[in-house]
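The chain below stands alone and is given in structure tokens; this is the form predicted alone.
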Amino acid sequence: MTTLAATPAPAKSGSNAAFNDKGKPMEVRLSNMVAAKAISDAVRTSLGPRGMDKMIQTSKGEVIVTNDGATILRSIQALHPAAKMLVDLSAAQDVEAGDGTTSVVVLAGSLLGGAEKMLNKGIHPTIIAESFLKASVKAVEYLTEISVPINLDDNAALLRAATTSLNSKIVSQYSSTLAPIAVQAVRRLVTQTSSNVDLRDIRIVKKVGGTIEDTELVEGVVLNQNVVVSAGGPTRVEKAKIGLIQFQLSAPKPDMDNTVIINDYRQMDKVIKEGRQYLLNMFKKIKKTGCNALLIQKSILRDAVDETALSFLKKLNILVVKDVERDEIEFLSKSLGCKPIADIEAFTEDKLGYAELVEETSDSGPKVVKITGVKHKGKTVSILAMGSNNLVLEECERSLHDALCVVRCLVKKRALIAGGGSPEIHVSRLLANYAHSLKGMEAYCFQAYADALEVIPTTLAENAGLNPIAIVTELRNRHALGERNAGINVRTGLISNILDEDVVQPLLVSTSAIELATETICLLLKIDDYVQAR
């Protein structure tokens, strides 16, 4: 009886040889993938209009309730370096586009899953990384092809994009109030030739009281602080001349290392008299310029304004607002057309700002100082955000910021695409078709990239309580039949033309999400060791 010896399979050579990784690099890669996918899974449930909310307790004991991806990830204490990379990825998307911070992390998690399958097939990480980068370039091309150019004068298109962004937030029921505010705020700052908007020129002032419906865009400037009325000074000044001062309206004090001991009441009287005279000389100079409204910067060395000064200001009928923060000074000087004054000797009329009215009102509950009819107003906008409590107010501010960012995206790249998982399925189909024209391992990688893109519609369906397999299969079918704007309508649970439902998003949000997620994944794939520095 003859026995057949098992002949070893011939070793493959060339580019199609299976990649057998050494033990440690593979372990490092898998460790990175597990950590990054854990971060992705943490925020995945908060994607879309039917996404869940997260309750976060900060180290100070404050509670935040939100479904904004950037806020959630900023609060996560990620220890693993790969997990931190995904947190940074979300922050990068927040800077670039301002919206899509959850989508970008979910997409990165899905691409990692695809890359892991390719690694298990024995494809080299460098080939996977290069193929993914090529696929992302193709994906951006396909997205640009289906985008619809818009004009900044088209108010309806901007409103549709802002409303879509707000619909996935906790405050979605107030999108009809907040979306027009976001659009008007950005449109006031841009011209037809603008290529960007500095959101630091839009200030959101939060006041607890009233409801979100009381949120308004103010014609002029709103202050965070209230008028000082302890000495009975005015709360309303017409034809205001506004001084923005960075020095203190109080008598000088010795510094912390020195003390002055007075053991005679006559010396005490002399000190008080000198202090009053010092203040009187200051107020003579202030009154000489005709100034009748003072904004005083917060001071840590001594009182910004004391009781004696307030009694003088009341007699002079000057309105006083104190504790203006240092970082507000630039915004206020730009908005009011005045210059910050650091010393009483420099207090001159040419540095004052002019306004028709400075008034403290309490129409909708809390007291608010409004400066209206500013004469030399800079290009800035003030939004007064109202809410019944701090939790709602914080979320309202985050949602408004996202809506402002969406409109800013349309200023940067003036094109819209459909939402509702429609562009992802469209790009996924085209990439899968393109993969058939490629050869070798690159074709596998392109196919894996195309499959990974389907995570967005799948997650939208899952979070809306629909059957993801049935919905995504139907969506693919509709796109194959030529309905390239077919998307998931999470309200009805059906596939419909998503443009008719006014669900649109800026092209920049999707393209930057794809580019940033792919770059991060390629970076993770190329890491083969982990060294701790001393």
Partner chain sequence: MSGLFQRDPRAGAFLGGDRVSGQDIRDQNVIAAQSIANIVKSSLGPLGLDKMLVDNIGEVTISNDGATILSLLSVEHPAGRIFVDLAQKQDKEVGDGTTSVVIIAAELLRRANELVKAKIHPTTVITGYRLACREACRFMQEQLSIRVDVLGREALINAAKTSMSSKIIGNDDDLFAPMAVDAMVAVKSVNNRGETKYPVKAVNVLKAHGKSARESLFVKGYALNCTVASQAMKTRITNAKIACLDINLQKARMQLGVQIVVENPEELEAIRRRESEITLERVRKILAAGANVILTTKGIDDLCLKEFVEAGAMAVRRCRKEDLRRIARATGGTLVSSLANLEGEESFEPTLLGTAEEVVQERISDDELILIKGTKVVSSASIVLRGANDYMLDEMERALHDTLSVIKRTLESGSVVPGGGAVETALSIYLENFATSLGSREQLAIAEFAGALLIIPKTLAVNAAKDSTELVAKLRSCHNAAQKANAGEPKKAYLRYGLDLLNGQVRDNVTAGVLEPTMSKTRSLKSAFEAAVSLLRIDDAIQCVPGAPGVLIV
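Each form is matched to the other, and the largest set of C-alpha atoms that superpose within 1.5 Å is called the rigid core. Note that the structure is predicted; figures quoted are calculated from it, not measured. Residue numbers count along the first chain shown, from 1.
There is another form of the same protein, the form predicted together with its partner chain; it is not shown, and what comes next is about it.
For this session: Report the stretch among 106-114, 434-442, 341-349, 269-277 that approaches its partner chain in the predicted bound form to within 4.5 Å, counting heavy atoms only.
Result: Partner-contacting stretch among the options: 269-277.
Exercise. Looking at L393, L189, I76, I329, which is the one with a non-hydrogen atom within 4.5 Å of its partner chain in the predicted bound form?
Worked result: Spelling it out, the residue with a heavy atom inside the cut-off is I76.
For this session: Could you work out which of R414, K370, H80, K207 is the residue within 4.5 angstroms of its partner chain in the predicted bound form, going by heavy atoms?
Result: Filtering the options by heavy-atom distance leaves H80.
Problem set entry | its partner chain contact at I170 in the predicted bound form, heavy atom, 4.5 Å | Heavy-atom contact with its partner chain at 4.5 Å: present for I170.
Problem set entry | Touches its partner chain in the predicted bound form: K526 (any heavy atom, 4.5 Å) | No - in the predicted bound form, heavy atoms of K526 and its partner chain never come within 4.5 Å of each other.
Exercise. With the cut-off set at 4.5 Å between non-hydrogen atoms, does S230 touch its partner chain in the predicted bound form?
Worked result: Yes, S230 is a contact residue.
Problem set entry | is_contact(N263, its partner chain) in the predicted bound form, heavy atom dist at most 4.5 Å | Looking in the predicted bound form, residue contacts with its partner chain include N263, since a heavy atom lies within 4.5 Å.
For this session: Just give me the residues of 46-85, first to last, that have a heavy atom within 4.5 Å of its partner chain in the predicted bound form.
Result: Contacting residues: R50, G51, M52, D53, K54, M55, I56, Q57, T58, S59, G61, V63, V65, N67, S75, I76, Q77, A78, L79, H80, P81, K84.
For this session: Could you tell me whether the Cα atom of T58 shifts by at least 2 Å between the shown form and the other one after core superposition?
Result: The answer is yes; the displacement is at least 2 Å.
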